[in-house]
Structure formats: C-alpha cells, structure tokens
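Single chain ahead, by itself, as structure tokens, in the form predicted alone.
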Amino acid sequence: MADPRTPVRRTDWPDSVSRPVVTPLQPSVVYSSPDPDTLDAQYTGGAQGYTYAREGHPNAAVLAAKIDALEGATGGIVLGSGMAAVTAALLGVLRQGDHVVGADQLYGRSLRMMAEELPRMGIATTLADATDVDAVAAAIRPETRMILIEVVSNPTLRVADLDGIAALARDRGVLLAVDNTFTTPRGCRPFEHGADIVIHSVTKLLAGHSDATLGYVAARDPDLTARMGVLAATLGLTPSPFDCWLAERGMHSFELRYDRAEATAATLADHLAQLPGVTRVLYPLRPDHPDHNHAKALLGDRGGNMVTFEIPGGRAAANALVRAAERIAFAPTLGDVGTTLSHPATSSHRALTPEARAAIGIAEGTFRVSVGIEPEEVLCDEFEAAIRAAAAA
C-alpha cells in the first residue's frame, strides 16, 4: 500500500490469483533485494534473481529460453544486436596470440571484424571457402582457436560443409562457431552437427517485424557461455527489455512465417529463372545451385526464404529495377514479415572493392531478396515488372 505522504516511493504490484496471458514488459534497470545476504546469494548462484539490467533481466531470459528450445541449447544469452553476439563469441573466447579462421563470405560487418578489429587486438585471422573443407583445413595453424562460419552465406547463398568442418574442428581441437541467422533452427540446428557455439541475429527472421534489434549466442560448454556472458555484461552489450518483448511476440508466429516465406521463395526463384533479363538465380534447392547436392543433404527440404538473382546493365539497370519495384521495401535487412530487396554492392558488401566483390560472386546487378509472407503471385508479378524496367534502362 502506498503512503500518501510519499508518492515518490514505489508502489507494490497488486496481488492477483490470476496471471497475465501476455508476457509482462519489465523495463526496470535495477532490482531491489531484501537484504545483503540475499544479494550476495544472487551473485554467487545461491538464489535466483535480478540485480542490474546490464547483467540480465526477465524479458531477455524469457526470449533466450524460447530460442534455446528451438536450438536444443541451454543458458543462451540475448544481446543488443547480432554483431554483439558475434563479438561475444569472438572476444569472450579468443585472446591475444590466438588465430581464427572465418568463412570468406561472412556478413559484411563480420568480415570487417575479421579484417580490421581482431588483428588490432593481436588476434590473427584467415578467410577460407566454407564450402570446401580442404580449404578450411589448409587455413588452420597451430595457434588456431576457432572457426567461424555461416550455414548459408550472404548474399550468394553458398552452403557450408557444416558436417565436414565440424569433424575437422573436432580432430584439430578447434572450436566451431556457427552463425545460423539465415537458416534459423527451423532449417538447421548446428549443435546437432557438432557446432560448439551458435549465433543469431534475432533482429531478422526470429523477431520478424523489423522493430527489434537483438542477438543471441549459446555454447555447448556452459563455461564458454559463462565467459561470453561476463564479456557481454562488461562491454555493455545489453538488450533492451522492450526489444526482447517485441521479439518474443514475433516468435509466436515464427514457424508459420518461416514456412510460408520459404514456400514462396522457392516459387519466386523458379519464376525469376525463366524471365528474360535475369542472368542468374541462386536458391539452395534449385538443381543449378553450385551446392545443390550438399544443400539437400544438410538442409533436406528447407531451402529458406532468401533468393539471390542477377541482372545485366550495371548501376543504371539496378536503379531502374529498385525504382520500379516501389511496393517492395529496398532496405539492407532480411527476415521481415514483408519482402525486402537489398543491393549488396551498396549495402552489406560496400566496403569491398569491386574486384573483391567479384571474387565472391557479387556484381553490380546482384540483388538479394528476403521473401516475406505476401501471396506468391503478387511477388512474381512485381518482380517481373521491375526486371522489365531494368532491361529497358
């Protein structure tokens, strides 16, 4: 009961024999403990509770538990962004003098981390083709501590030899960290294939509505998870309770959204492939994909919601296509409930030279589509009209 003489004092939450159906949002930064002994017990693990939101809060815990269940993990950590999760995995485990092998088609900011940030901290890096286990093996050194790959690469949708690299990592005593953002646990569960660490940009398909920026990381070894958690709290990689609440809400429809978008993506890929003015279409389950057989073995029927295609004509044609596709959001993101279109040369891989982009299969006319849940006939018609406009340009 509040004291009317001191309205600044916090009011106790009303008692109730019923419970809310929707997860409550708790934006509190701090939590009050009854006495020093209890607070001490919370920090030493003798009592469960929250102290300061930078070290954890209920909305993050609820969301982490949901992703843990999907990935077959325990104790996963929700962080402020996908790159915060990548940072926790790398800096929480590696130290000066270590070496890490990264896939040569990692997300653009992950590539920057490999090329610039880790080396200035005294951590050596090498990039290798994750579709070729022999190339990854050749990059390993005596001081190699970790391999970092994505199941499906951005934006060329190359499929990593996950099983082969996991076996290699075990044989060499190296940790394998897998960014599962594109495939999600609906398409692949890396722990079942031998991964040691799994990473997500929750911002994307898991949350699904482009209104929450979050990441997730979990390790098979609880000691590694604890080290990543300590680093995350120290660096302040804290997630917003509101973003966690939004993402948890989005995850209620995750499987429905993913399945619908995946089915539409397969249809769109086949439709694009037969259109004049399209020189290449990449979708893992298409027979003409360079990793088709491997994709079928690893992913089964789960081709995902991402489609990449290429048109000729340079920047003028690219501009014409985007302008004609005015009802499709042109945005450097993926996983939204609505379809989005991105241009890697001016977004995710803009930091690379044209020659470096060409080396990994990215041209000026390369576009990546994150397929949403619109009717497939609507998307096919819209892209067909946009490609005609690009050809006219």
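Don't overthink the numbering: it's just position in the shown sequence, from 1. Everything numeric here is computed off the predicted structure, so don't read it as measured data.
Separately, the form predicted together with a small molecule exists; it is not shown, and the next lines address it.
K.L.:
Using heavy atoms and a 4.5 Å limit, would one call F182 a contact residue for the small molecule in the model of the complex?
P.N.:
Although the small molecule is absent here, F182 would touch it in the model of the complex, with heavy atoms inside 4.5 Å.
K.L.:
I'd like to check something about V174: if you look in the model of the complex, is any of its heavy atoms closer than or equal to 4.5 Å to a heavy atom of the small molecule?
P.N.:
Contact check for V174: no, nothing within 4.5 Å of the small molecule in the model of the complex.
K.L.:
I'd like to know if L334 sits close to the small molecule in the model of the complex, meaning any non-hydrogen atom pair within 4.5 angstroms.
P.N.:
Yes, contact at 4.5 Å.
K.L.:
Counting only non-hydrogen atoms and a 4.5 angstroms cut-off, does G82 reach the small molecule in the model of the complex?
P.N.:
Contact check for G82: yes, within 4.5 Å of the small molecule in the model of the complex.
K.L.:
Check each of W245, Y107, F309, Y258 and return the one that places a heavy atom within 4.5 angstroms of the small molecule in the model of the complex.
P.N.:
Of the listed residues, the single hit is Y107.
K.L.:
Name the single residue among A73, L162, L111, L214 that comes within 4.5 Å of the small molecule in the model of the complex, judging by heavy atoms.
P.N.:
By the 4.5 Å heavy-atom cutoff, the listed residue in contact is L214.
K.L.:
Any idea which of 200 to 208, 245 to 253, 269 to 277, 187 to 195 reaches within 4.5 Å of the small molecule in the model of the complex, heavy atoms considered?
P.N.:
Careful reading of the contacts points to 200 to 208.
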